[in-house]
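The chain that follows stands alone, in the form predicted on its own, written as structure tokens.
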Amino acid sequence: MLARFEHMKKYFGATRAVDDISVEIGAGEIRAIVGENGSGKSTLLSMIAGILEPDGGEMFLDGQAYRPSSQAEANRLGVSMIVQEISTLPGLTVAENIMLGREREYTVFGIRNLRQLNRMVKEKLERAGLMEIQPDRDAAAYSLEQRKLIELVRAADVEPKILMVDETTTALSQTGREELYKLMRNTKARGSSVLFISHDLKEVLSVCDSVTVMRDGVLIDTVPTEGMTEEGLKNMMVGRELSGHYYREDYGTPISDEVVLEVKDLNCPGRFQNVNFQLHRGEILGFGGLSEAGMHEAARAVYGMEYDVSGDVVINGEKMHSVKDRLAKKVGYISKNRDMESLFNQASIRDNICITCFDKLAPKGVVTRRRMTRFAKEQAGLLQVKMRDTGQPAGTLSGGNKQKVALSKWLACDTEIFIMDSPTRGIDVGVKAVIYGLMEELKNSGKSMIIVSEELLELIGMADRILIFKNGEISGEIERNKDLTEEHLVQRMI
């Protein structure tokens, strides 16, 4: 037995995030931790990683008592964690991020040898096949996926006894996922262990040896993945059988001829080129492709968030020049990088929801805290956000509940056109069903949506049309069809 965690507890006010959980981890084991958003998965791993201090319980590693006072100490003791959101620090170079907490390795007589540091890290990056990432550049200069790959290099370099991975694959392309799987297999081969949080149950069953299921802060069971099915795991997670209705079930539904958004000759050097399309009232338009195909950047450009862009974005017949113009036309954008671009993590749920609605809340220029609280509570209730109250910082919520708040912000201000980049990234099956149901409601009420996704079943199940991006261009268009399969999309993407 490599590690055991006994009667672990963590409370946030009246919320029992982790309530008396005991888990044992064998040497050379890849263990999945699954459960709905808010079930306590990340909280449990954060205690093991030294990020959160337990309110009760004992931890043992290699038969010895283990109680790290910080994440840096946990790393020194052989426990490393790759968190769900970005953990590279802007303002530090790639090399400084990878060697964070290990400065002694390139410091002599109190002076840091930056040339030695960059040389060391360049070798590490090249071994991982990341030749395009430069060790002396600010980590913030790289994309979300590249920054997650930097974190993989950092985690692999310390060869931990326990490697913990919290919902990381949703930020990675298939190539990036393979790098992560290789790291997990190498960790197992050394006799060390992996704790792996993922909402992709197909992925869990293919890469893990066993799975621990949590629900509402309580451990439900630990079972081997051999012989287990996705449906069986889903039912254990939610405590009930899920209905068959998940994606849209309609086909051949006519789309309005009214064009609400038109993109003409949109170009951005090095990212995408010659992007042209129309979005109709009541339409769900999907963007599909490989992670680096340009679809994420194109969506950002449609909202006015990319630089060096030429071409026109026309909304209801009016050419757009800025994000402010889009807001005036009731266009909302939900970023793939939720923590950095969709939410103010240090601000309250109330402030995050109300920030788009001050005109609505204060028609005469005055808004009260009481009115904001009442309004935010109503909006959060519509999507059943699990929270203490609306004064709770948004950053303390689980990934699924953060996404609900990000959606509530735009629903609250009567948005007409939604641009959603990876709308269900890091979200469990229960919350996905809520968001897909919401998309159907929005569509039926005449709202229009662009959804960017690397989940092919999501595109097939929800979109009226799918634009396929390849090498920065739209390489094809596929209409909604009950016979459409993942293979049909992949053939267009590669």
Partner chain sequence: MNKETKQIRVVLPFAAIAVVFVLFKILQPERFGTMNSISILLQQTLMQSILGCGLYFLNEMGIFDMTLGANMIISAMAGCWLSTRFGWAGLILGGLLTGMVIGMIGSQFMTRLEINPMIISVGLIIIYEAISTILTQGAYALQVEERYRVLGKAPVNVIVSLLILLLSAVLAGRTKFGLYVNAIGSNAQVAESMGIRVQRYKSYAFLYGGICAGIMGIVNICYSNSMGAASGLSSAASIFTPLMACLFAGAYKRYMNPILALVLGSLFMNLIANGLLTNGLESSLQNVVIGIMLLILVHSSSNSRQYDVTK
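This structure is a prediction, so every number in the text was calculated from the model and none was measured. Numbering follows the first chain given and starts at 1.
Keep in mind that the form predicted together with its partner chain is missing from the display, and what follows is about it.
- Interface residue remark: P90 is counted as part of the site for its partner chain in the model of the complex, having a heavy atom within 4.5 Å.
- Its partner chain in the model of the complex comes within 4.5 Å of no heavy atom belonging to F418.
- Its partner chain in the model of the complex comes within 4.5 Å of no heavy atom belonging to A189.
- Taking non-hydrogen atoms only, L438 never approaches its partner chain to within 4.5 angstroms in the model of the complex.
- The listed set R112, K377, K264, K122 contains one residue whose heavy atoms approach its partner chain in the model of the complex to within 4.5 Å, identified as R112.
- Exactly one listed residue, out of R300, R248, K161, R326, brings a non-hydrogen atom to within 4.5 Å of its partner chain in the model of the complex: R300.
- Stretch-level contact analysis of 274-282, 250-258, 289-297, 205-213 against its partner chain in the model of the complex, using heavy atoms and a 4.5 Å limit, identifies 289-297.
- Taken together, the three residues Q71, A140 and N337 all lie with some non-hydrogen atom within 4.5 angstroms of its partner chain in the model of the complex.
- For the stretch 300-339, the set of residues having any non-hydrogen atom within 4.5 angstroms of its partner chain in the model of the complex comprises R300, E306, Y307, D308, N337, in sequence order.
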